[in-house]
Each structure stands twice: as structure tokens, then as C-alpha cells.
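There is one chain below, alone, in C-alpha cells, taken in the form predicted on its own.
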């Protein structure tokens, strides 16, 4: 996909449609399924494609226009290089871990061609509640999954232990009000995912009657 095939970016003040009736979009959402990172391979998105995916992901509800999130990209050799951070952090927390487990932890970011860390960054003491800012970063992760699927890539949103490890957070350069909303793995599926069990909606829906 070349840059010329990307949807045009609206200009400031442009009148936009209030809705976009589209059966293909509904089918994508109804049948969307994550591909586990272990089942991904090259190719991943190129530079233009990744930039477009991030531009689309950033078009989420953002009360107060705070952009309460940012992106850290892991591509090429950087994925393996970050593995040394993961190995060191895991060893510190698990000093008796066997070598084969350490090798596995070190290679986590090499499971897919591209890994996008979505960082939640809260503006504290703001009229927009912290919870709404955090939810916005979650919306970024989900929108990135959907956009990747629409562009022809497999994707998975993970956190795993390293999203919460203090040593890893330091290596990522996170500030006091920042945390990892998720690591989104992007690539090409080596095998199709299969449908999993889903929640019983009838048990989750109620109607307020006053």
C-alpha cells in the first residue's frame, strides 16, 4: 500500500460526516480476531504504513484535546537490543530462572516485525478526570488493532509482566504519570487465528427502568 492509497487527512475545520455506513467495517468488527505474536512473521508495516496506522490510532475520543498517550516504536535491530533489558529485568525478579526461560524472555520483542508501545500519560490535576485520560489510551490500542487489520496486518495487544516492571519502565523513559497501556505487535500471520468463546451478552445487558 503506497501513501497515495491512504485516506486523505482532513484539514482543520473541515466538515466531516457524522457517520460512515459501511458493511465491510461492520464485518471487520464482527469477525476481528487477534493473532498471537508467536504466529507472526515478516512483512510488517513499512514506514509510511506505520505512520498512517499511528495517525488513525490517534483519532480517538480525547476529552480536553490532551493527547494523553504517546508511542515508542521497536523495529529492526532495536527489538533484539531491547531484549537485553528484558533479560536483565526478568533475572532480577527471578534469580533462579533457568537459561532457557531467560532466552525466551529476551526474545519477546522479536516475535513480530514491529512492536508499538502505547504509553498512557496522564495530565494530573486537570479538569478531565484521570480515568477518562487512561480510557483514551486504551481506545488508541484498540483502534490500532482495527486499523492494522484493515490494512492487511495481523496484530495483538499485550501487556505481560514487562509492562509493569520498574526496571523496564526506566529503560523506556517513562515519567511519573506514565504507564504502558499495551504493546501492540504487528506483522503477517503465519496461520489463521480461530474463533474463541465469547461472553454471553444476555448476562451483561440490563435496561434501566427508573
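What you see is a predicted model, and the numbers here were worked out from it, not measured in a lab. Positions refer to the first chain, counted from 1.
Beyond what is shown, the protein has a form predicted together with a small molecule; the following relates to that form.
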Determine which one of 166 to 174, 31 to 39, 56 to 64, 146 to 154 lies within 4.5 Å of the small molecule in the predicted complex, judging by heavy atom distances; exactly one does. 31 to 39
Do residue 48 and the small molecule share at least one heavy atom pair within 4.5 Å in the predicted complex? no
Heavy atom of residue 184 within 4.5 Å of the small molecule in the predicted complex: no
With the cut-off set at 4.5 Å between non-hydrogen atoms, does residue 198 touch the small molecule in the predicted complex? yes
